[in-house]
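Take a look at this single chain in structure tokens; it is the form predicted on its own.
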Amino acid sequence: MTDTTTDLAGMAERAAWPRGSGDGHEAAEVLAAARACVDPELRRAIDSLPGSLRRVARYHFGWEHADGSPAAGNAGKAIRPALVLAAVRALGGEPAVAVRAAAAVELVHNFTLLHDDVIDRDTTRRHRPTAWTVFGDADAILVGDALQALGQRLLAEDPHPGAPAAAARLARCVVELCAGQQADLALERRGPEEVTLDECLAMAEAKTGALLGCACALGALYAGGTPEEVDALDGFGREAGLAFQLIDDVIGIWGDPGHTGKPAGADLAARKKSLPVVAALASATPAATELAGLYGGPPAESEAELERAAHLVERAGGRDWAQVHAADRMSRAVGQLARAVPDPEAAGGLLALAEFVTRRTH
């Protein structure tokens, strides 16, 4: 991913953003601070659930083992709540006022993860079995529903003047997320040569970009931002979200399972039409023709088949396209951010997070 990293580093320098060592240190600090602020609110919300739902939720967040004993697990990177708090700070507000909003976004995000794992039949998340494989489909789905309700309740009960608009915006975002998931499933039912890049990009914006944009917009609302600032930060999050999804799709094919916590090549094994795959299929190359034939067949079963599919995607240009397009989306994100926060120092936390999600290599 050298090309992408180089492009993003150049954008940061042109924005006069003090990047420090450039090793993700600033983003790590922003994420750690967000997790420290938001985790107590998340735990309070989860603990308000009835016992059976609470047990599944606590397992999903990595706080308990399947038998209910305590676990020092990984509850995720907290990118979305960190975006909420960083957006508040970027517009001159005090992040502490938006902790409930940040927790609400994280609850909605985990609602989507629980449902997506059931829909996609993913068996591993965060280096351990997914909730549905331990507790069953029904419990995983119901707990996802409960997490979404908890997120909305946090905003409904928040006395902050920005909370009503934030609740309405988050509800609209959930509808968009569901539409994006439905579009994703519809695309999977179509033939490998019947799916366009434009369709896949629109689906990715709804599935991934929408919630990152909503997180930034909620931060702007809690900071008392103008409608123009709210929309610009939403646009920043959406563009950064597309970059995130592009890199995530690359990692889904070529990532190290030891870092990702997911099986190697899971997307290829399921014949998923991720963005690098669709870009490869659209390349009109001999490798694209061979890949289309492979994708028109049954799911891959052997390691050799997965390696062959990954090689074809790369030969057809899918990997390079995804990396270059991720850098382009990050450039657009920086442009949107500059509309709302022209001071690079004030925007530093948001830029650090955006660079973090697009510099990942695993």
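As the structure is a computational prediction, the values presented were derived from the model and not from experiment. For every residue, the number given is its place in the sequence shown, counted from 1.
This next part talks about the form predicted in complex with another copy of the chain, which is not shown.
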Seminar exercise, completed: Only hit among A179, L197, A292, A270 for heavy atom within 4.5 Å of another copy of the chain in the predicted complex is A179
For this session: Identify, from the list V134, A202, A171, A71, the residue with a heavy atom within 4.5 Å of another copy of the chain in the predicted complex.
Result: A171
Exercise. Would D145 sit within 4.5 Å of another copy of the chain in the predicted complex, counting heavy atoms only?
Worked result: yes
Exercise. Hey, in the predicted complex, is D256 touching another copy of the chain, heavy atoms inside 4.5 Å?
Worked result: no
For this session: Indicate whether another copy of the chain has at least one heavy atom within 4.5 Å of a heavy atom of D139 in the predicted complex.
Result: yes
For this session: May I ask you to check whether K207 falls inside a 4.5 Å heavy atom distance of another copy of the chain in the predicted complex?
Result: no
Exercise. Does each of E157, A167 and L185 have at least one heavy atom within 4.5 Å of another copy of the chain in the predicted complex?
Worked result: yes
Exercise. Of 284 to 292, 111 to 119, 233 to 241, 270 to 278, which is the one stretch near another copy of the chain in the predicted complex, taking non-hydrogen atoms within 4.5 angstroms as near?
Worked result: 111 to 119
Seminar exercise, completed: Across 27 to 57, the residues having a non-hydrogen atom within 4.5 Å of another copy of the chain in the predicted complex turn out to be L49, P50, S52, L53, V56
